[in-house]
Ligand SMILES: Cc1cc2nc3c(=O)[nH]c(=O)nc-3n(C[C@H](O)[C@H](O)[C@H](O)COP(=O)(O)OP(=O)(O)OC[C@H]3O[C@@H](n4cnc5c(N)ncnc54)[C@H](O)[C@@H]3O)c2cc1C
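Shown next as structure tokens: one chain only, the form predicted on its own.
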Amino acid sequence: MADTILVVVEQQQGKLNRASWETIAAGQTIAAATGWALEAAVVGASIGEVAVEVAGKKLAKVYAIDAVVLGAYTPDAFAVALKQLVEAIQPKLVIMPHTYQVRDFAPKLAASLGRSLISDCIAFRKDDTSGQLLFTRQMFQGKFAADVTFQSEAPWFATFQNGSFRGDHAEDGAAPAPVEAFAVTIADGVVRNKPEAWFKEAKAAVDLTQAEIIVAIGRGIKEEKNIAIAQALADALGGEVAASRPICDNGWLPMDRQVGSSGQTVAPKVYIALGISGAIQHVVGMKGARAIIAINKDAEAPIFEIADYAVVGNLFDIVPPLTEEVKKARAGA
């Protein structure tokens, strides 16, 4: 049997997490480097449409693990179901997006098979001498990176940080990949907790990992009342407002708006940093953005080192007219 890579995508209520496309792109890159086949698995209940959507990508096969007990997520059921698939198809490598849900069940899945998990990877490479796959992880809040590999026999397990690969780089297949139903047996008593109704976030809460445009504010915003300037730009662009840690520590924005090593890791299409100096703790949470626009009056601000577009100036002079121009452009579109 040829060596294979299995990508476990994440769906919730019939909608794929954006990070799933990034993980498929990661799998395609690893497959190109190793020559291994690439397959995917979708887990849940009534997931036929999601499986067909995934099958549009360049994959050898898609496994649909569809069962009523998997409809409401539990780590017990997901770990047992995926263990049965891994034991049946014997992939060399299993990769997953580093989401909150995966963080919950992936260690349990790997441990149940007596294997280890390399989590929160930002890259991989194949060692030219040993032929080993090396996975890169950030250490000490991104101050340095380490290449890590597996000591155990396959299957190996790894998760990739949001933004490590671009979801729009996931290649479409010349023809849809075959979708194969995979039946699992989950005995009574396996699931030890009772899932509650699907969690609905408060109106002010947001999952920044799914935002395509983010307007982020730092100390340069000066006062809480000035957040309205950033909010107006975000509204005009159809984006979300985020912040560096000091803003959330002050209570000016809720903690779910924080980007950085102690907040969310995001990878939007556009990230606009207003008055953010660019401390490493913030940068590690947003450097995966496709385009970074930084506005800061300090020409030596570290954020300019990673910005695609740098504007040196006072954000209070720049942002309001920029917002008006965006509104005019969208009104005329």
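So that there is no doubt, residue numbering starts at 1 and follows the sequence shown. These numbers come from a predicted model, not from an experiment. We call the rigid core the largest set of C-alpha positions that still match within 1.5 Å between the two forms.
Missing here is the form predicted in complex with the ligand; even so, the following discussion is about that form.
Within 4.5 Å of the ligand in the predicted complex, a heavy atom is found for not a single one of I5, V9 and Q28. At a distance threshold of 4.5 angstroms between non-hydrogen atoms, G278 is in contact with the ligand in the predicted complex.
Mapping the unseen interface onto this chain, S164 falls outside it, with no heavy atom inside 4.5 Å of the ligand in the predicted complex. At the 4.5 Å threshold, heavy atoms of Y100 reach the ligand in the predicted complex. Contact between S262 and the ligand in the predicted complex is found at the 4.5 Å heavy atom cutoff.
Only one segment in the set 206-214, 147-155, 239-247, 111-119 has any non-hydrogen atom within 4.5 angstroms of the ligand in the predicted complex, and it is 239-247.
The partner is absent here, but in the predicted complex a heavy atom of I295, alone among I295, I65, A307, V50, sits within 4.5 Å of the ligand. In the predicted complex, the ligand lies within 4.5 angstroms of at least one heavy atom of each of the following residues of 281-316: Q281, H282, I295, N296, K297, D298, A301, G313, N314, L315, F316, in sequence order. Relative to the superposed core, T34 undergoes a C-alpha shift smaller than 2 Å between this form and the one not shown.
Relative to the superposed rigid core, the position of the CA of C248 differs between this form and the one not shown by 2 Å or more. Annotation: Cα of R192 displaced by less than 2 Å between this form and the one not shown, core superposition. Relative to the shown form, the Cα atoms of S119 and Q281 move together by 3 Å or more in the predicted complex. Cα-Cα spacing of R103 to T265 is enlarged in the predicted complex versus the present form (difference of at least 3 Å).
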